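For reference, the chain that follows is the form predicted on its own, supplied as structure tokens.
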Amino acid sequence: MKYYSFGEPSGRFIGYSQGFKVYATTIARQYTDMRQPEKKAVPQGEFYFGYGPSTGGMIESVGVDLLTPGELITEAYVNPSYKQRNVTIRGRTIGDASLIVERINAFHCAAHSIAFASAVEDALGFDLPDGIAHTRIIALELERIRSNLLVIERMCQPAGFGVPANQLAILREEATRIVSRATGHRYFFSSISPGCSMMNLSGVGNAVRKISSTFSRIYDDLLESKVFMSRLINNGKVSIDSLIGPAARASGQARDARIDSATLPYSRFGFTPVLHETSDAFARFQVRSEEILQSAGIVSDALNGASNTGKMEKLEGDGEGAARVESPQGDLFYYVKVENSIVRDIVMVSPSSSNIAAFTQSMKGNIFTDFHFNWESFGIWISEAGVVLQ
């Protein structure tokens, strides 16, 4: 492994999965108890309010238990196991594994595909050409724009903000159509694989600039709404060391895999992370909104050095590799072990698992009507958190 090693913890904590604890530069082989924490005994005058796994207002199946005396939330528990999937990748060829990885979370296909491809390239000693690296940056930032639009759209819905929610849905559809024209699929399927990225970038710059301009006006209007702001400010405050992604940056922590990416040259575009410091749903809303505008600028800059390639590199050999990218929700990590071009071992660390832990802490002291605004602000995907790779 060129960028990672097994050993003692080194650098900031990224997350854990299947016995691995992952840090910025090392992988610690430690057993981690992945079970849900046991529920607190019910104090007198309180009760558990069960919300889910199938309920209104949630787009994925997830169990939420809130301990409350009637309004104030004193404890929160999230159980993602209702959507657990055992996904078999070990023993498959690199090509077949790529097709499975990109479907772990189709909405974040680019992030998963790029992280897996980068890990394989690390294992097999493949040096990524600059043109493909730039193309992958464009894919990641297009996906970030679309993902953040969805999060903000979902934050508008519990406020009854039908007009801005629908405006954001239209912009999200426009972003999806850019992806479709560029890759032939609305979710990047089959466009990114080890040694290769296939995108037709014609017209992407102008289309992204239009989205950015329209969103900027919507964002300004939302900031003017005292009703909407009152539901976000001081809602779900949390500032802990294990925060990653937009949640970390909303608490003033400059934690972003794009800062120190070993394979994607974000530094060439003068990248610095968007930071806010109030650590609440409002700050997470601000970070995601401003990252939409920032991502549009990165796409425009990266187009100058990007290359369209339809050539599928045939990567062969043995080795171990690891890589992480900044997905829209935070650090996404993949480890692979390849023998004779067969994936013998694979580990994925999802940012949603860390975000779930942060969310449960942030709900303490809130009331139930704050729940949906806070939940959506973290951008959690249960489809990632509930995956077990085999």
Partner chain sequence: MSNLWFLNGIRKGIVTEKFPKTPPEDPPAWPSMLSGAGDARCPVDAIDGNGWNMDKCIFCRRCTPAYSPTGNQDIFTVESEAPIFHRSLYIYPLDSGSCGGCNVELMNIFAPHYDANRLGLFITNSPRHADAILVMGVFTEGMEDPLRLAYEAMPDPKIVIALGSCAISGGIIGDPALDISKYNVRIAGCPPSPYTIIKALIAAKGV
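These figures come from a predicted structure and were not determined experimentally. Numbering follows the first chain given and starts at 1.
Another form, the form predicted in complex with the partner chain, is not on view; read the next lines as being about it.
Interface residue among Y187, Y77, F126, F269, judged by heavy atoms within 4.5 Å of the partner chain in the predicted complex: Y187.
Checked against the partner chain in the predicted complex, the candidates V87, A262, I240, I233 yield a single residue with a heavy atom inside 4.5 Å, and that residue is V87. Using a 4.5 Å cutoff between non-hydrogen atoms, I104 counts as a contact of the partner chain in the predicted complex.
Proximity of R217 to the partner chain in the predicted complex falls within the 4.5 Å heavy atom cutoff.
Taking the partner from the other structure, the partner chain in the predicted complex has a heavy atom within 4.5 Å of a heavy atom of G95. Using a 4.5 angstroms limit between non-hydrogen atoms, T183 touches the partner chain in the predicted complex. Look at 172 to 180, 251 to 259, 69 to 77, 137 to 145: in the predicted complex, residues with non-hydrogen atoms within 4.5 angstroms of the partner chain sit in 172 to 180.
Using a 4.5 Å cut-off on any heavy atom, the residues of 217 to 241 that reach the partner chain in the predicted complex are, in sequence order, R217, I218, D221, L222, E224.
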